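Just one chain follows, in the form predicted on its own, and it is written as structure tokens.
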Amino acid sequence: MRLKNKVAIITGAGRGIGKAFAIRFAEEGAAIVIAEIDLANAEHAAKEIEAKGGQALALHTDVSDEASTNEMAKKTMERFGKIDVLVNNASIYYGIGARPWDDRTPDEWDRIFAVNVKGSWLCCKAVVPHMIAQGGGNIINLSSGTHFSGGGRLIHYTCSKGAVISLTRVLARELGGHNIRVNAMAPGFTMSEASREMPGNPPNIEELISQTRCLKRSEQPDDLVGTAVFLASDDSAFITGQTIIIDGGGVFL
């Protein structure tokens, strides 16, 4: 119960990696706000948590819209009275397809950055005033191992995830004086629904990537949850501005 009595907002937690975070955080004692563009998925995930005895609130949230992120923070405060943890997990990844760098449109580029980068920034803008008022807080941003490897034929996605690391470092500097920690996680190619169904990848992509790692197996959403709990808990109370790569030894810094 390392997150007992904490309140955590997890964006994009209706499925995939975000849902794995939400379920594990609830098991560790946190009350969960599932801020999700797909309300049906959010409600389903919330019911799973409540069925196990946890507390969960499903909210329709468009992280690229400031009014929506402000409403997310407002409703969280109304329900739980505080915000201890924000996990900026929501991003455009499902269905984007692996294609060459010049086979992207300006609209694709702009939409990726609107959600993956601006969305994380807007969520921070919405919750940070509440964290300051309560004396501190904790933000975890989801980057990607593609930033370090340059692979994947996902140039707009990869560049957006590099920007998330920059966002993490700037906010760590600017918010540390308010006792707010900001860190990033960079997963490797994780076998979520989105990865399994990604257009343009070879059918044996799971095996191909497994062979590039020190640990010769595929990465699953559950491989990420322990690091997320660590960063959300007081066990990491003196860590901020850092990026942790979780990819089985695919890339080294």
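None of the values given here were measured: they were computed from a predicted structure. Residue indices: 1-based, along the sequence shown.
Although not depicted, the form predicted in complex with a small molecule is the subject of the following passage.
S.K.: Considering non-hydrogen atoms and a 4.5 Å limit, does the small molecule approach Val33 in the predicted complex?
M.R.: Taking the distances in the predicted complex, the answer for Val33 is no, it never comes within 4.5 Å of the small molecule.
S.K.: Are any of the heavy atoms in Asp222 no more than 4.5 Å from a heavy atom of the small molecule in the predicted complex?
M.R.: Judged by the heavy-atom cut-off of 4.5 Å, Asp222 is well away from the small molecule in the predicted complex.
S.K.: Lys82 versus the small molecule, in the predicted complex: is there a non-hydrogen atom within 4.5 Å?
M.R.: No, no contact at 4.5 Å.
S.K.: I'd like to know if Ala184 sits close to the small molecule in the predicted complex, meaning any non-hydrogen atom pair within 4.5 angstroms.
M.R.: Output for Ala184 is no: heavy atoms all beyond 4.5 Å of the small molecule.
S.K.: When the small molecule is placed as it is in the predicted complex, are Trp121, Thr168 and Ala172 each within 4.5 Å of it, taking any non-hydrogen atom of the residue?
M.R.: No, none of the three is in contact.
S.K.: Please pick, from Val115, Ala73, Val128, Ile140, the one residue with any non-hydrogen atom lying within 4.5 angstroms of the small molecule in the predicted complex.
M.R.: It is Val115 that has a heavy atom within 4.5 Å of the partner.
S.K.: For the chain shown here without its partner, which stretch in 93-101, 74-82, 132-140, 173-181 has non-hydrogen atoms within 4.5 angstroms of the small molecule in the predicted complex?
M.R.: Checking each option against the 4.5 Å cut-off leaves 93-101.
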